[in-house]
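Same protein, same chain, two forms; see structure 1 and structure 2 below, as structure tokens.
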Structure 1
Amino acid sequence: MSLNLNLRKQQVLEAVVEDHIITAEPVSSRTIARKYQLGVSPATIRNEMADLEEMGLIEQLHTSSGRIPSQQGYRYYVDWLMRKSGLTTDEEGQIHTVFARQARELALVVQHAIKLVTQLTDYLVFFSGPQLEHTALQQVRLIPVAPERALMVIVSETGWVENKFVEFDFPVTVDDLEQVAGVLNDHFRGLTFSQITRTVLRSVYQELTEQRLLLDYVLEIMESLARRDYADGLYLGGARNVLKQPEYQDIQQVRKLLDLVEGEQTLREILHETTGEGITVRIGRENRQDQVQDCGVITAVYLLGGNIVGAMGLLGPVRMDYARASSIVDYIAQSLSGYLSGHP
């Protein structure tokens, strides 16, 4: 937004936005004069508010009421006026504790992070699971269960674990399973799942001439995992928190939120669209999805080795506390990236 606001108009708009975030009520010129000490009279503030309304940055719901920010007004505030609200030392300590636990699976770390964010905000928090196309394989294990059955354990470098039973039409030995797993690890460790193509999979045949039949069963599972879309994994928390917001006293808004949470597809789309580093703030109609065009959404990706492996977001009413919410999303995403890289 390229509007040129002088200092006084910026101060008035900032006051309207921040007071409305706190109170969820229309803001009057008298309130601004009393609470924000701008050094001018309510009449002067009223004139500035009239100009801001004409510019489309604030709006009046009723002729006798004060003003509230428009979606364009929130956008200007986020882009030009907002000062990030730093986390307290205690809050930073809580986040470090989550990522110091060294959980063996990324899913557990994400669940801990969601629980913490729901304690820090009154918004819906949602994470996408690891996108394995950018994640490297760490280990394959084949564990005998019965003469014609084995458990295949696949571990990624993010800590994601997949367990699959392999059913054979013939007996297999422990030595055969260990040899196949060893060759798979030698060939595939460090490759991302998108790099494990059919050609690469078939390259191991030369080293396993005596176990080719067994290998066919295993490779079928590896191929299916390499083709699978893991971006659909979604973790949610804080839906009850959002219902505390005044905007969700309306039963229609509650139903819309529940549809959003239960359907999940819209939230997946939002995270899938988050592709750049840093935080992304979308306000109201800036969101492409119809279901969230009366919401504020803040998202960020988390990385491993410079590659995006997932994303997180906060969703609330347009009247959300963008300064604090942005700081939390940014700090959590950076902390999760650090954890995955071994630097929590």
Structure 2
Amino acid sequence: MSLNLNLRKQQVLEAVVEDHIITAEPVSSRTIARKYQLGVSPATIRNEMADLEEMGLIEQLHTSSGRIPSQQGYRYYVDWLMRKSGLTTDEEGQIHTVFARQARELALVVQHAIKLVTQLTDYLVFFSGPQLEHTALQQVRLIPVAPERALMVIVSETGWVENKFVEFDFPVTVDDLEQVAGVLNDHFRGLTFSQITRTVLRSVYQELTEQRLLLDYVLEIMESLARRDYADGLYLGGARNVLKQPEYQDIQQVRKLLDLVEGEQTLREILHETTGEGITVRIGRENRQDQVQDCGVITAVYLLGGNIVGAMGLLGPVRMDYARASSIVDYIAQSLSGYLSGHP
């Protein structure tokens, strides 16, 4: 619903939004007339502003203050007026350097990406780690470390590695472990983890009648790894930068932000809800999570071999620079996807 605005109203709204994003202050008609050369006087702009206010796109804090955008105003801006700002070639270069330099340890890559975004913006950055769910298994190893314990190492075809202890209630032999690992590899190599949990029950048990007990333990762990969803691996940074934003001069706001950071659950939820392609922008009350109803949130997923394996987000005050922030999220998510899929 485009809410038909004539050109000048659009220009005024754009001016209000962009000026407010920069200054964090209410924007007066005079400021717009002076800074944004619309070729009309403040009085005319005041008339337009009165209309925009009636439509709910801008609002006043009190009768004699300038206007600030309402959440709908930001939404209109993001949908119709915003020009993606793009990054400088210098910034793009920086990003590529970071991705190109990395070894194949995703945790490290993500941590460097966070540092990067932290330098590029003053918002909170957060990533969910990669999920195994849709990646294929390359091999499984079971390494004995004690009579009743083994280390299970799972290598995905994408080079991602997980390890977990398996604790048995009885002693196991090296032979047993190797045999089980062998059968698992024969059966499951090349399958994705979501496929494995389906087929597990049918095929393997017959072949390993002797180690059935042992297998119980091992399969349980493999399943839990595949089912792990977003329960693990939230990476974040930039909290201290956000304090530069004037809306976080109030200690209450800061506390809410820290709750978000330490709680992690809400951020996980936000990333979990992100599924579509491209970037998602949620402004204030558009967010389903209570704790971020006065924040702007920009998210995007990243891919590996065509599958969604994780997501990233940028969180700031409602008055955030959506043009720049969404450019950055877009670019980083795409670069990361490209890098992971081997097209650096």
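Rigid core (definition): largest C-alpha set, two forms, superposition within 1.5 Å. The shown structure was predicted, so the numbers you read here are calculated from the model rather than taken from an experiment. Counting starts at 1 and follows the sequence of structure 1.
### Task
Please let me know, 1 or 2, which structure is the form predicted together with another copy of the chain?
Only structure 2 fits here, because that chain is the form predicted together with another copy of the chain.
### Task
Establish whether a shift of 2 Å or more occurs at the C-alpha of N185 between structures 1 and 2, with the two forms superposed on the rigid core.
Where the cores coincide, N185 still shows a C-alpha shift between structures 1 and 2 that is 2 Å or more.
### Query
Has the Cα of L208 moved 2 Å or more between structures 1 and 2, judged after a core fit?
Where the cores coincide, L208 still shows a C-alpha shift between structures 1 and 2 that is 2 Å or more.
### Query
By the 2 angstroms cut-off, has the C-alpha of K115 moved between structures 1 and 2 once the rigid core is superposed?
Comparing forms between structures 1 and 2, the K115 CA shifts below 2 Å.
### Task
Report, in Å with one decimal, the C-alpha displacement of F165 between structures 1 and 2 after core superposition.
Looking at the C-alpha of F165 between structures 1 and 2, the offset is 4.9 Å.
### Message
Looking at S156, what is the CA displacement between structures 1 and 2 after core superposition, in angstrom?
### Response
Shift of S156 at C-alpha, rigid core superposed: 2.5 Å.
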